[in-house]
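Take a look at this single chain, the form predicted on its own, given in C-alpha coordinates.
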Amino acid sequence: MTTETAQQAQLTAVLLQHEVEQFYYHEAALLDAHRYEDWVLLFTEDTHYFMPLRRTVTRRQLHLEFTKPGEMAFFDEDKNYLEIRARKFATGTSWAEDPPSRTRHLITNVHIAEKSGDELQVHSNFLLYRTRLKNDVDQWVGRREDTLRFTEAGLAIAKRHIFLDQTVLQSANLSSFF
(Lines give C-alpha, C1' and ligand atoms only; values in the text may rest on other atoms or scores of the structure.)
Protein backbone atom coordinates (compact mmCIF):
# COMPACT_ATOMS: atom_id res chain seq x y z
CA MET A 1 0.00 0.00 0.00
CA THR A 2 1.45 3.36 -0.98
CA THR A 3 1.70 6.17 1.52
CA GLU A 4 -1.01 8.15 -0.28
CA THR A 5 -3.34 5.15 -0.36
CA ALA A 6 -2.67 4.46 3.32
CA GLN A 7 -3.42 8.08 4.18
CA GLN A 8 -6.66 7.96 2.18
CA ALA A 9 -7.67 4.77 4.01
CA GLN A 10 -6.93 6.43 7.36
CA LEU A 11 -8.94 9.52 6.38
CA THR A 12 -11.86 7.34 5.31
CA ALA A 13 -11.71 5.48 8.64
CA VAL A 14 -11.62 8.74 10.61
CA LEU A 15 -14.60 10.13 8.69
CA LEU A 16 -16.58 6.93 9.23
CA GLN A 17 -15.76 6.98 12.96
CA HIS A 18 -16.93 10.61 13.11
CA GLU A 19 -20.16 9.78 11.28
CA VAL A 20 -20.95 6.91 13.66
CA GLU A 21 -20.16 8.97 16.76
CA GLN A 22 -22.31 11.86 15.52
CA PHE A 23 -25.13 9.38 14.87
CA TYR A 24 -24.90 8.15 18.48
CA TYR A 25 -24.77 11.69 19.89
CA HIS A 26 -27.88 12.59 17.88
CA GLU A 27 -29.62 9.47 19.13
CA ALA A 28 -28.73 10.29 22.77
CA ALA A 29 -30.01 13.85 22.35
CA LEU A 30 -33.35 12.55 21.02
CA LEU A 31 -33.75 10.26 24.02
CA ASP A 32 -32.78 12.90 26.56
CA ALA A 33 -35.26 15.32 24.95
CA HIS A 34 -38.07 12.70 25.20
CA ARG A 35 -38.40 12.58 21.41
CA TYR A 36 -39.04 8.84 21.46
CA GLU A 37 -41.07 8.65 18.25
CA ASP A 38 -38.22 10.38 16.38
CA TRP A 39 -35.77 8.01 18.09
CA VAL A 40 -37.67 4.95 16.81
CA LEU A 41 -37.25 6.29 13.28
CA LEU A 42 -33.52 5.58 13.65
CA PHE A 43 -34.26 1.82 13.54
CA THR A 44 -34.68 -0.33 10.47
CA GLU A 45 -37.97 -2.17 9.90
CA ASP A 46 -36.29 -5.51 10.67
CA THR A 47 -34.52 -4.35 13.80
CA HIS A 48 -33.97 -6.49 16.87
CA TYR A 49 -33.68 -4.68 20.23
CA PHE A 50 -32.47 -7.08 22.89
CA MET A 51 -31.32 -6.77 26.50
CA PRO A 52 -30.60 -10.17 28.06
CA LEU A 53 -30.53 -11.02 31.72
CA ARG A 54 -27.09 -11.29 33.24
CA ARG A 55 -26.16 -13.95 35.73
CA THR A 56 -23.15 -14.26 38.00
CA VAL A 57 -21.31 -17.37 36.86
CA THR A 58 -17.92 -18.96 37.34
CA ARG A 59 -15.17 -18.47 34.78
CA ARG A 60 -15.93 -21.92 33.33
CA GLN A 61 -19.53 -20.85 32.73
CA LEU A 62 -18.92 -17.41 31.21
CA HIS A 63 -20.60 -18.56 28.01
CA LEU A 64 -23.82 -18.81 30.07
CA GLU A 65 -23.52 -15.35 31.63
CA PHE A 66 -26.17 -13.76 29.41
CA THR A 67 -29.47 -15.21 28.31
CA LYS A 68 -29.87 -15.69 24.57
CA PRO A 69 -32.54 -14.38 22.18
CA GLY A 70 -35.69 -16.39 22.73
CA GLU A 71 -34.88 -16.87 26.42
CA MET A 72 -35.90 -14.57 29.28
CA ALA A 73 -34.80 -10.98 28.70
CA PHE A 74 -35.50 -7.44 29.83
CA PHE A 75 -36.18 -6.48 26.22
CA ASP A 76 -36.61 -8.70 23.17
CA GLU A 77 -38.43 -6.42 20.78
CA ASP A 78 -38.92 -5.51 17.16
CA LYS A 79 -39.55 -2.07 15.68
CA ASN A 80 -43.31 -2.37 16.05
CA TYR A 81 -42.97 -2.89 19.79
CA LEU A 82 -40.55 0.04 20.10
CA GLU A 83 -43.13 2.22 18.31
CA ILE A 84 -45.87 1.09 20.70
CA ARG A 85 -43.73 1.92 23.73
CA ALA A 86 -42.79 5.32 22.28
CA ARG A 87 -46.44 6.18 21.49
CA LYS A 88 -47.53 5.10 24.97
CA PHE A 89 -45.12 7.57 26.57
CA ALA A 90 -46.66 10.35 24.47
CA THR A 91 -50.18 9.58 25.74
CA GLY A 92 -49.42 10.48 29.34
CA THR A 93 -50.94 7.19 30.50
CA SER A 94 -47.60 5.51 31.09
CA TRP A 95 -47.38 5.81 34.89
CA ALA A 96 -43.67 4.97 34.88
CA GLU A 97 -42.93 8.04 32.75
CA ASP A 98 -45.44 10.56 34.01
CA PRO A 99 -43.98 12.82 35.22
CA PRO A 100 -41.20 12.06 32.76
CA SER A 101 -37.77 10.95 33.87
CA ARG A 102 -34.79 13.23 33.37
CA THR A 103 -32.06 11.26 31.61
CA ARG A 104 -28.54 11.58 30.27
CA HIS A 105 -27.30 9.02 27.83
CA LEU A 106 -23.51 9.01 27.75
CA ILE A 107 -21.94 6.96 24.96
CA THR A 108 -18.23 6.23 24.88
CA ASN A 109 -15.57 3.82 23.57
CA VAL A 110 -17.21 3.69 20.16
CA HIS A 111 -15.43 1.02 18.15
CA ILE A 112 -16.25 -0.03 14.61
CA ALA A 113 -15.48 -3.72 14.87
CA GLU A 114 -16.32 -4.70 11.29
CA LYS A 115 -17.59 -3.28 8.03
CA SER A 116 -19.34 -5.63 5.65
CA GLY A 117 -21.30 -4.37 2.65
CA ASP A 118 -23.77 -1.76 3.85
CA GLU A 119 -23.50 -2.74 7.51
CA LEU A 120 -21.20 -1.91 10.39
CA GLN A 121 -20.72 -3.87 13.59
CA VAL A 122 -20.23 -1.21 16.24
CA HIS A 123 -19.47 -1.70 19.93
CA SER A 124 -19.84 1.05 22.50
CA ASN A 125 -20.13 1.58 26.23
CA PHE A 126 -22.89 3.54 27.87
CA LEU A 127 -23.92 5.17 31.11
CA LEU A 128 -27.60 5.97 31.43
CA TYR A 129 -28.33 8.30 34.34
CA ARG A 130 -31.97 8.82 35.29
CA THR A 131 -33.62 10.89 37.96
CA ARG A 132 -37.35 10.85 38.63
CA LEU A 133 -39.72 12.59 40.96
CA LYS A 134 -37.89 14.19 43.93
CA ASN A 135 -35.30 11.62 44.95
CA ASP A 136 -35.23 8.64 42.59
CA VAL A 137 -31.85 8.15 40.92
CA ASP A 138 -30.92 5.20 38.75
CA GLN A 139 -27.80 4.42 36.78
CA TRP A 140 -27.26 1.67 34.28
CA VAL A 141 -23.83 0.91 32.90
CA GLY A 142 -22.93 -1.50 30.16
CA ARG A 143 -22.04 -2.05 26.57
CA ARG A 144 -23.96 -2.19 23.33
CA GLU A 145 -23.33 -4.25 20.25
CA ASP A 146 -25.06 -2.65 17.30
CA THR A 147 -25.45 -3.43 13.66
CA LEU A 148 -25.72 -0.13 11.84
CA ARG A 149 -26.93 -0.14 8.26
CA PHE A 150 -26.41 2.53 5.62
CA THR A 151 -29.81 3.48 4.22
CA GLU A 152 -31.01 6.23 1.88
CA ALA A 153 -31.85 8.28 4.99
CA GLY A 154 -28.43 7.70 6.55
CA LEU A 155 -27.32 5.30 9.26
CA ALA A 156 -29.98 3.17 10.93
CA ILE A 157 -29.90 0.62 13.74
CA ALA A 158 -30.59 -2.85 12.38
CA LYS A 159 -29.72 -4.61 15.63
CA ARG A 160 -29.03 -3.50 19.18
CA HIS A 161 -27.96 -5.88 21.90
CA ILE A 162 -27.54 -4.25 25.29
CA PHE A 163 -25.42 -5.89 27.98
CA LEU A 164 -25.78 -4.41 31.44
CA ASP A 165 -22.93 -4.69 33.92
CA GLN A 166 -25.44 -5.11 36.75
CA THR A 167 -26.93 -8.51 37.53
CA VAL A 168 -29.61 -7.14 39.87
CA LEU A 169 -31.58 -4.05 38.95
CA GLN A 170 -32.72 -1.99 41.89
CA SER A 171 -34.71 0.55 39.93
CA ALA A 172 -38.48 0.72 40.33
CA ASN A 173 -38.95 0.16 36.60
CA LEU A 174 -37.03 -0.20 33.38
CA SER A 175 -38.95 2.24 31.23
CA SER A 176 -35.94 3.96 29.67
CA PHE A 177 -34.61 3.26 26.21
CA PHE A 178 -30.92 2.39 25.87
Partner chain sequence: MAETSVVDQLDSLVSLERGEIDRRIFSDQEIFNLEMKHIFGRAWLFLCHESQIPKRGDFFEAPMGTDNVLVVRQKDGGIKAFLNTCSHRGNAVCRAEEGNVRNFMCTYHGWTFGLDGELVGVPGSSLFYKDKLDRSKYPLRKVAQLESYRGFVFATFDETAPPLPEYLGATGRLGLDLLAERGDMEVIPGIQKFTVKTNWKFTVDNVFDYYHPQITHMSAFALGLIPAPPDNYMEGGAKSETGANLEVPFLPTDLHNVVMVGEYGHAISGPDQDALEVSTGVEPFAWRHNDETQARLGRHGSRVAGHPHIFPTTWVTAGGQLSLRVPREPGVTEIWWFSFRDKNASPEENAALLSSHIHFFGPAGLLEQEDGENWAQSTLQTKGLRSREVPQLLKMGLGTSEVVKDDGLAIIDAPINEHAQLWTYHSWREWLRNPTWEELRERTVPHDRF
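Numbering follows the first chain given and starts at 1. This structure is a prediction, so every number in the text was calculated from the model and none was measured.
Same protein, other form: the form predicted in complex with the partner chain, not shown, and the subject of what follows.
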Just one stretch in 38-46, 146-154, 66-74, 109-117 has heavy atoms within 4.5 Å of the partner chain in the model of the complex, so which one is it? 66-74
Each of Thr3, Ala9 and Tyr25 within 4.5 Å of the partner chain in the model of the complex, by any heavy atom, yes or no? no
Hey, in the model of the complex, is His34 touching the partner chain, heavy atoms inside 4.5 Å? no
Consider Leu169 of the chain shown here, and say whether it contacts the partner chain in the model of the complex, taking contact as heavy atoms within 4.5 Å. yes
Just checking whether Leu133 would be counted as a contact of the partner chain in the model of the complex - the rule being heavy atoms within 4.5 angstroms. yes
Are any of the heavy atoms in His123 no more than 4.5 Å from a heavy atom of the partner chain in the model of the complex? no
Using the arrangement in the model of the complex, list in sequence order the residues of 69-102 with any heavy atom within 4.5 angstroms of the partner chain. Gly70, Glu71, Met72, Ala73, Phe74, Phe75, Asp76, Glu77, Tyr81, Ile84, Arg85, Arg87, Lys88, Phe89, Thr91, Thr93, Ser94, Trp95, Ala96
